[in-house]
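There is one chain below, alone, in C-alpha cells, taken in the form predicted alone.
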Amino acid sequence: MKEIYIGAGVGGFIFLAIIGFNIVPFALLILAMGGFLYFMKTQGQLSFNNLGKGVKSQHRISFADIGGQDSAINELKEALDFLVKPEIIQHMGIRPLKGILLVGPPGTGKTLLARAAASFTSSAFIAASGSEFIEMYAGVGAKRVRQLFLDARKKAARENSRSAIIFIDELDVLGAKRGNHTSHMEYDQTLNQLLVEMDGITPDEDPRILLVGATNRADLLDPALLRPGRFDRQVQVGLPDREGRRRILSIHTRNKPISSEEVLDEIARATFGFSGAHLESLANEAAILAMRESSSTIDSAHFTEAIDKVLLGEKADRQPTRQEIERVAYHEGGHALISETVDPGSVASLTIIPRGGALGFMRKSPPDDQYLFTRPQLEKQIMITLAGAISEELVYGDRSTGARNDFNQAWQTAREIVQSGLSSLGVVSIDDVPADMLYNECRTIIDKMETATHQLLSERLPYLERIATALLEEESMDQRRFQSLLN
C-alpha cells in the first residue's frame, strides 16, 4: 500500500509538471515536512544497544569487586532471587519484583552494584541516564522509554539470556513528582510512559525484566513510582565504615606496589566520611605522587599527601605574605593544640601549604567511626573550631577573616545541640523555636565554649609557640612529629 501511495504521488507530480503547473512550492513543502519527520524519528530513536556493552565484552563486575557495601549487597541479592531461582519463586507463589531503587550519596557504588547484579543473574544489561529521556519535543521522551524496554528484550534474545536488567542512573531527573514542571508536559508524559512499561512487566514474561534505578534524592521521586508493584524495594547504599574502607582500599591497590599492609589500615582509619570514589581517587593520587618521587613503592607519606589533595585540591599557586603565613601557622596550631587537648590522638596532620581555597589545614583522625554524639562531645567540636581565631587573638590581639568558615561550623554545631534536645531548652522542634530564642541559646553555647577555649590556650601558649615555629620551618607535619613537639 505504501508503494502504491508513493507511485501515485510521483505520477501526480509528473502530470502537473507536464500540463505546466508550478510544482516547486509543493516540492519544497514536501521536502521540508519529510526532513522534519526524519529529524523527529532520529531524535526519538535512541539506541541503548551500545550502552552497558562492557558487561559482556569487558571484565564482568561481581559483588566480590565491591567493598564496603555488605548490607546493600545482601539485600540486593535477596531481591534478585526471582531472576536466579524462577522455579522456586513460582512454586512459592511469590510475585517477582519489578523495580529496585538504589539510594545513597554520590560515589558509593550504585552503578557498580547494578552491573554486579547483571553478572550475578547472568542477565543482559542496559544502562541509561535520566537526562537522556528529557527533550523539548513532545513525545520523544516517552518513545525513548518504550525503545529502552524494547532494546533490553532484544539484547537478552541476542545473548540467549532469560532476563535483562535496565539501569537508570539519576532517576530523579526522569521520575520527579508530576505537576512541578509548568512549562510543558514532556516530563510528565515521559514518567507516565515509564509507569506504563513497569506495569506491563509480567511474571511469566520471557525475558524477565528488572528495572534498577539510582538516585541520591529519593524525596524528589513521584509517589506513583515508589508504590508497591513498581519500585518494590529501596536499597540504601551508604558511605562505607572503617572495615569497608579497608576493603575498598585493598581492591584499588591490588595492582599497586604498597610498602606494607599496615599502611592501608592507617589510611582506612584516617578517611572517615570518604566514599568509594574518593578512596579510588586517593589510591590513584598516592601512586602518582610515588611516581613523581621515583619511589618503587607507595608508602604512608604518599597516602597522607593524597588525602589532603583529595579533600582540598592541588597546591595553590598564590603565595601569601610572610605575615599571613605566620598568622596561619598560629591559627592551625591553635586548632591542633585544642584538638589534642580535648581528644588525645585526634590530630592526623597539619599544614600551612595553601590548597584550593584554604591557606592551611588541620586534619583529624578519630580512632573509630562515630555516628552519635553527646553534648560534651559536640562542645569539644565547637572549641576546636573556635581555637584558630582565639589563637590569633592571643598572639596578635585581633582576629582575621580566615576564621569565617570556622565560625559557621561552630554555629551549626550549636544549632545541632538545640535541635537534638541537648540544650537548656529541652526537647524542641527547631522550626517552632522563635528566632530570638534560638539565637540567644546558640549565643550562650558559643560564649561558654569561647571562654573555655581561651582559658585552655592561655595556659598552653608555650606549646602554641613551639607548634607555630615548627610549622613555619617545616610547612607540614604528621601525627608523630606533632606529638613529639608536645612531649
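Quick caveat: nothing in here was measured; it's all calculated off a predicted structure. One rule holds for the numbers: they count along the sequence shown, beginning at 1.
Below, we turn to the form predicted together with adenosine-5'-triphosphate, even though it does not appear here.
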**OP:** Just give me the single entry in Gly213, Gly360, Gly334, Gly276 that has a non-hydrogen atom within 4.5 angstroms of adenosine-5'-triphosphate in the predicted complex.
**Re:** Gly276
**OP:** Would you mind picking the one in Glu280, Glu159, Asp299, Glu324 that has a heavy atom within 4.5 Å of adenosine-5'-triphosphate in the predicted complex?
**Re:** Glu280
Original post:
Is Pro105 one of the residues lying within 4.5 Å of adenosine-5'-triphosphate in the predicted complex, judged by heavy atom distances?
Top reply: yes
Subject >> adenosine-5'-triphosphate contact in the predicted complex: Gly175, any heavy atom under 4.5 Å >> reply: no
Subject >> 4.5 Å heavy atom contact, Met449 to adenosine-5'-triphosphate in the predicted complex >> reply: no
Original post:
With the partner left out of view, is Ser346 within 4.5 angstroms of adenosine-5'-triphosphate in the predicted complex by any non-hydrogen atom?
Top reply: no
**OP:** Give a yes or no on whether every one of Leu112, Asp169 and His252 sits within 4.5 angstroms of adenosine-5'-triphosphate in the predicted complex by heavy atom.
**Re:** yes
Original post:
Only one of 417 to 425, 452 to 460, 439 to 447, 63 to 71 gets a heavy atom within 4.5 Å of adenosine-5'-triphosphate in the predicted complex; which is it?
Top reply: 63 to 71
Original post:
Can you name the residues of 452 to 487 that have a non-hydrogen atom within 4.5 angstroms of adenosine-5'-triphosphate in the predicted complex?
Top reply: none
